[in-house]
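Coming up is one lone chain in structure tokens, specifically the form predicted on its own.
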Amino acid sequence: MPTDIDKRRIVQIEEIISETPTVKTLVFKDRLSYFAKPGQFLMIWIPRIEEIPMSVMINSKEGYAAVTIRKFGVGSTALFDRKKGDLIGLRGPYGNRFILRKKYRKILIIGGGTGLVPLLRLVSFASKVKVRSTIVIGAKTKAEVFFEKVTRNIIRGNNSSLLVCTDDGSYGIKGTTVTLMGKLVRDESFDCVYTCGPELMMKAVLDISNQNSIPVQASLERYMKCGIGICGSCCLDSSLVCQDGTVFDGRQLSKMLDFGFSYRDKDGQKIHYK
């Protein structure tokens, strides 16, 4: 088994799961990825196309892992279009991880879109150590809800709960993850909030957590080219998401002027969120 995470491994896609019309999960055998910590990521190489960062999805089969891709840009569309039996390259897993402290008994997990991927690995770990989780899954419409069944299987018998909300009310609770979180923290007590998803959503999660004096950890998604701290494309203020993250706590995030306000495009130009 290779032990150098910086050495590219070539793996074969052994299973493809269609989550929604624009989201797929690609399953492959790789022991380094199988043992990835919650919040870590891989650099996925699509031959002759691009290399992109992807959070590591859990898989119940020993020695296997997966990535979940939403069809969007050049690299993600090329990966989305891969077939069973195709080859892709892997580097990693890289980055730090979510911290689940021994004193925690009840946690709140807020996920949006493919940001659920690192959170599900956290949910699985929390279930094994008997920490109660309240998981909130958000999507725009019913057609974009995925990982509900997987999540319910993970938390079965652990006294945890799953809440699904959609912006248009077509499934589950009507409203956003942020609105639902506001109600939950007013009615219940949580030892920590964990989140991953669109940055504006995570900024709102941070604000609510700070207002209610609840510790928060967020896994950030920024554009990356190398994943090992060389290119600097994933810079966030003075931090590099690939090296200093992807997980940051509330104290770190509260000091970052760019978080929730701007991001960098492929050319490195700073773009302000609208």
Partner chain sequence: MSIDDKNYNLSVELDKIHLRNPTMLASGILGISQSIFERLYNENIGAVVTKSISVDPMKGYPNPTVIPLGCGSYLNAVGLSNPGLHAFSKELSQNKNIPIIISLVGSSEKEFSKMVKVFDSLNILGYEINLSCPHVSKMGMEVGDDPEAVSKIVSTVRMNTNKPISVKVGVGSVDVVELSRIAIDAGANMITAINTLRAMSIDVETMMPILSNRIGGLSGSAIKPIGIRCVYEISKKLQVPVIGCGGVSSWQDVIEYMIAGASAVQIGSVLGSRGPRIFNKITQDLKKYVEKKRVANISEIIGIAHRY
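Numbering follows the first chain given and starts at 1. What you are looking at is a predicted structure, and each value in this text was computed from that prediction instead of being measured.
The form predicted in complex with its partner chain exists for this protein as well; it is not shown, and the discussion that follows is about that form.
Contact check for K37, I208 and R251: none of the three has a heavy atom within 4.5 Å of its partner chain in the model of the complex. Taking the partner from the other structure, its partner chain in the model of the complex has a heavy atom within 4.5 Å of a heavy atom of D237. Within 4.5 Å of some heavy atom of its partner chain in the model of the complex lies at least one heavy atom of Y223. For the chain shown alone, G63 is not a contact residue for its partner chain in the model of the complex, no non-hydrogen atom being within 4.5 angstroms. Put simply, L87 is close to its partner chain in the model of the complex: some heavy atom of it is within 4.5 Å. Here the chain stands alone, but in the model of the complex its contact with its partner chain, taken as any heavy atom within 4.5 Å, falls in 237-245 among 237-245, 27-35, 54-62, 211-219. Along 76-108, a non-hydrogen atom within 4.5 Å of its partner chain in the model of the complex is carried by L87, R91, Y94, in order along the sequence.
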